[in-house]
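Only one chain is included here, represented as structure tokens and corresponding to the form predicted on its own.
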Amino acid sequence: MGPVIELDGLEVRFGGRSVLNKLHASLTGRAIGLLGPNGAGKSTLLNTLLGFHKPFSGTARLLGLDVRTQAREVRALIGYMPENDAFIASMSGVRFVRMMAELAGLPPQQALERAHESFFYVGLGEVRYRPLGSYSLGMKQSAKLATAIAHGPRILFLDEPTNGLDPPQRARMIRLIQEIRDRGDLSLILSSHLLRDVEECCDQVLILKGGNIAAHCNLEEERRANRRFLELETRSESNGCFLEALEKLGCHTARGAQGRIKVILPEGIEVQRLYAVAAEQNVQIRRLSHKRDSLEDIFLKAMEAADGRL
């Protein structure tokens, strides 16, 4: 599979001021998270990919289509869930989604069928004939998602999808996004100020600061790499022989406080082997945990590195 998003020297200016500074990146994940502090350029990048802003120089491509020269083809691929409400309050939910699906190119009857399907999919089947203006905040967020997916896009843009939701509503929205991601028939781009949303839904992340790329990483690769870093909590009179046995396997070890041991596994050695060695040495492993750099750690490191480059 080729890149979902390619940024090729992308520069966007407003009033003579550069807001995005010649960005270069190639993103291939099923679900791509877009992160950054206020004023970082997230909204500008999102709107440029959607075709609302024209690049000053360079370009961006979605699934190989150039946003500058193939804007119509790009828009035909996209489903968009905006941060702010964009409803006609007096229209029923299903009628509004049908209209939007028709505007996206579906024939009227197919648009109506997809509108009904989308409302049931997001859990709003029972209220699809009610006016949108009567919907609660959580229902409006779900209706925006139904609108974004009704016409069967290949790329789904989600801008702050859990904005303002209470914990149960947020959990339901995250489950829906994960389910859409796992179907594998489209790519997700999720822009959020909530690190937890991106961590739970995305396998790749692009972090912006001051119109520049502060970091770009594959979260799946980070998670796989971290599975080689372990911390053991043991119960034994002495861990000396145990450490020696681990080092003979090729592990790097270090003692920690209160009987804890830090271990880096070499390639080819699995966790089960550690338990076998512990049994041989009469050492009880009471707890084993993997090192896990959270997205917050990655984000903060990116912010520090970006400050150092300024």
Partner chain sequence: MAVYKKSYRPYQGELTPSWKRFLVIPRYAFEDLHRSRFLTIFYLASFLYPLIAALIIYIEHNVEALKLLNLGPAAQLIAIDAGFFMSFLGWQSMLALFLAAFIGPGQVSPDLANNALALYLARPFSRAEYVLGKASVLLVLMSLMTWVPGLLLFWLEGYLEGAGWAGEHARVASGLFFGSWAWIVVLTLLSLALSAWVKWRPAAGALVFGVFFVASAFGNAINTTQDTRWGHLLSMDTLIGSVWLQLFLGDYPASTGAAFFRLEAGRHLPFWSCWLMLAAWCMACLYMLARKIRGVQVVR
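Positions refer to the first chain, counted from 1. In this text the structure is predicted, and so the values were computed from the model without any measurement.
The form predicted in complex with the partner chain is left out here; the points below concern that form.
In short, of 164 to 172, 208 to 216, 150 to 158, 195 to 203 it is 150 to 158 that has heavy atoms within 4.5 Å of the partner chain in the model of the complex. Each of 47, 86 and 105 is positioned with at least one heavy atom within 4.5 Å of the partner chain in the model of the complex. With the partner omitted from this view, the residue of 30, 42, 61, 53 that lies near the partner chain in the model of the complex is 53 [heavy atom within 4.5 Å]. Between the partner chain and the residues 139, 230, 99, 127, the one pair within 4.5 Å by heavy atoms in the model of the complex involves 99. With a 4.5 Å cutoff on heavy atoms, residue 182 does not count as touching the partner chain in the model of the complex; it lies far away.
With a 4.5 Å cutoff on heavy atoms, residue 240 does not count as touching the partner chain in the model of the complex; it lies far away. In the model of the complex, at least one heavy atom of residue 113 sits within 4.5 Å of a heavy atom of the partner chain. Under a 4.5 angstroms non-hydrogen atom cutoff, the partner chain in the model of the complex has residue 82 among its neighbouring residues. Scanning 3 to 21 for heavy atoms within 4.5 Å of the partner chain in the model of the complex gives 14, 15 in sequence order.
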